[in-house]
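One chain follows as structure tokens, the form predicted alone.
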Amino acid sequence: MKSEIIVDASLARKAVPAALTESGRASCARRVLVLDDEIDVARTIAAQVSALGHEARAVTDHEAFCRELSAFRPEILIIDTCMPGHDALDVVRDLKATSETQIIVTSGFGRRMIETVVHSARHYGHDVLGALPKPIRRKALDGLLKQALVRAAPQPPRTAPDGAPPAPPAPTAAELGDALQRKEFLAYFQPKRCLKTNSICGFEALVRWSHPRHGVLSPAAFLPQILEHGLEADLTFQMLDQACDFLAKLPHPGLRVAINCSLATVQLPEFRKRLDAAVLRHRLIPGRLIIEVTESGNAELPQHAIETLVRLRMAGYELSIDDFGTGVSSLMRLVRVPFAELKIDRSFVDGLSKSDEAQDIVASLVTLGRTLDMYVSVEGIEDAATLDRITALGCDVAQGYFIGRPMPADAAARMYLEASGA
């Protein structure tokens, strides 16, 4: 069947509101290309776009779509999810991600299908304005097109300021060993907020390197090399000591600190001895420490690892299953290990306020946590809208830059004392 291209410039001229001047049209009207294999649907969408004051073209197959990308140079693409031959997944994969082109996804196959394509488009770096189920409502379309005007201005590239030092080279095993010996790795503490009391209920200890030449470095600058050179356990023990020292200076029974421990480190024969010794030396109770065990890994935990975790829990230490949902053995581990906390990975939180599917998943995880007598913690909270959503969904604890950034121990202690009125 011959492809059809519909150019609705005349519709656009008729439908532009009278208040929109020629200069206003030039600055506000967008070039919109519609891709839908059903001719009547393509015509309808293009007509709606034109009636809202934009220049619209529509195509019904992939070959015509590619031609119009070059000839029409659209600023916004409206793409149907299901196309014979080349569907929306092919389009978002093959299309170059540019700051000038924004995408709206449409479908008649329901919300989950649309959100899957939206997620794929964002994975490939596209600016996705949103999704529209069919039949498309003019008000919803208008809202997304107006949103495009706000987001269309190109952002200046992020460059280092003049004179900024270059990124440090990857550290060697000898440099890392010396840094551990000199205790240059510091625990920074990120606050966690209880959503029921709206108070700071704990912190997570996150590692930073106080480098003598390069300043404070984030884990991305050294953690891969720590793992590569087998220094993870040494670093974990230093973080453990600093976390205990921090807790000892804030003798509030309900305040807890979480430290990240890999399963490999937890299974070391000396781990339990070092853990107990640190707690005893600082006169703490085990329940003030949360051992965050990363969830990803092999499909099944070996029996001796399960027994190690169970014994930690028996001794009173809190256990958290970190990055929940990113590995392949989540449910089995929840059944076999008595975790106290289920920590939802930030990948489920990004875009939560705009994604019904993400909200459904978080709500299901909250229900799962309640069923297993666990409290539910959420990381990656970056704005008030997301905080409001997770609160409404019944989560217990929130963590993220909107709550507070990681900070040195002294600053974290001051922050907690001021917030608690002590």
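Residue numbers run from 1 along the displayed sequence. What you are looking at is a predicted structure, and each value in this text was computed from that prediction instead of being measured.
Below: the form predicted together with a small molecule, not depicted.
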Within 4.5 Å, heavy atoms only: does D322 come near the small molecule in the predicted complex? yes
Consider P219 of the chain shown here, and say whether it contacts the small molecule in the predicted complex, taking contact as heavy atoms within 4.5 Å. yes
Could you tell me if L77 has a non-hydrogen atom within 4.5 Å of the small molecule in the predicted complex? no
Does V117 reach the small molecule in the predicted complex, with heavy atoms at most 4.5 Å apart? no
Hey, of 170-178, 132-140, 231-239, 117-125, which bit sits against the small molecule in the predicted complex at 4.5 Å between non-hydrogen atoms? 231-239
Is every one of L206, G380 and Y401 in contact with the small molecule in the predicted complex, taking contact as a heavy atom within 4.5 Å? yes
Note: exactly one of I290, L247, C261, I103 sits with a heavy atom within 4.5 Å of the small molecule in the predicted complex, namely C261
Contacting member of L301, M113, L223, L144, with respect to the small molecule in the predicted complex [4.5 Å, heavy atom]: L223
